[in-house]
Ligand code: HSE
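Shown below, as structure tokens, is a lone chain in the form predicted on its own; questions about how it binds or moves come after it.
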Amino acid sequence: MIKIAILGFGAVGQGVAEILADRERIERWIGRYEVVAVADSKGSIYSEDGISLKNAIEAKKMGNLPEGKSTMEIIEEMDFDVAIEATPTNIDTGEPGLTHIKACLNKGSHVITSNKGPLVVAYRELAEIAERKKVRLAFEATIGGAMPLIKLAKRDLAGNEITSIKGILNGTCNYILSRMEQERLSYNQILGEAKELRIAEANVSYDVEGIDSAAKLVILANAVMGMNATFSDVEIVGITSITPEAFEIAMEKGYTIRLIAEASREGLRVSPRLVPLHHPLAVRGTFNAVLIQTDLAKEVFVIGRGAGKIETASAIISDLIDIYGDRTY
């Protein structure tokens, strides 16, 4: 019996719970399991015998989880095999997720996270704790939503030296830029529409200033390329100054403009770049796309939806199956 704790019960945590509630789907991969706790900053539901995920989701939709143990009390006092850490990202301190992940790893629990902050702040430290405690730290959901980047690079491209990673790591920016390309509307016009459609958050600066892409790039550089990069190592330029006129000039010469994140031995950079119109990275809409350059397999291209509750939750479930599932497939 696998015991699971979900720490952080916002959109992603609830998405994970919705998938885990479909036992027929998941048990054929990992066998029997119970979710023994869900918790967020306002409350928690927990039982050593397992909780009703349906009731937990309903409680959250009605307002807040009932008052109960704090997240740290659950970590310290309850028995679980794997923690799914899905609290909000803070790339300055990594908290509260950094403390949660350290505590879970140190008690000998696997951790699966969608939280970029702890990995940006302390990837090497967390990886060393996991290795020392002989548990897994999995974080596919931190990079490209449903895109299988981490496992592709570390497992399927094993034996290759990855020399560079270049791609689109933020769906909000890609939506804005591809709409500007197609309709020649101003940045502010399309940003307003994106907010109305909930493609962009009310405070979109994290996306459009390149911060989100830079955080993901640091994780990729460290986890996949073996670098020891920090957020301050990334040269960052956002998309707020891009104009319809810039697209006019680019298109006349056979190019478009995309926010490209690139890691290579020369450094890490996030900036608007000219991309040939028929290049694989000239994708439109909210898609993410990444081009991995290797010495043996040469170029490997991945495209997928980079955001969304269920898309991100699917990456977490993929990590869960990778830890506990039948690997003979």
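Keep in mind the model is a prediction, meaning the values are calculated, not measured. Start at 1 with the first residue shown and count on from there.
Unshown form predicted together with the named molecule; subsequent notes refer to it.
When contacts are judged by a 4.5 Å heavy atom cut-off, residue 19 does not count as touching the named molecule in the model of the complex. Contact annotation for residue 92: none of its heavy atoms lies within 4.5 Å of the named molecule in the model of the complex. At the 4.5 Å threshold, heavy atoms of residue 216 reach the named molecule in the model of the complex. The named molecule is not shown here, but in the model of the complex it comes within 4.5 Å of a heavy atom of residue 307. Proximity to the named molecule in the model of the complex, taken as heavy atoms within 4.5 Å, picks out 163-171 from the listed stretches 224-232, 180-188, 163-171, 125-133. A heavy atom within 4.5 Å of the named molecule in the model of the complex is found for one listed residue only; from 150, 200, 239, 82, this is 200.
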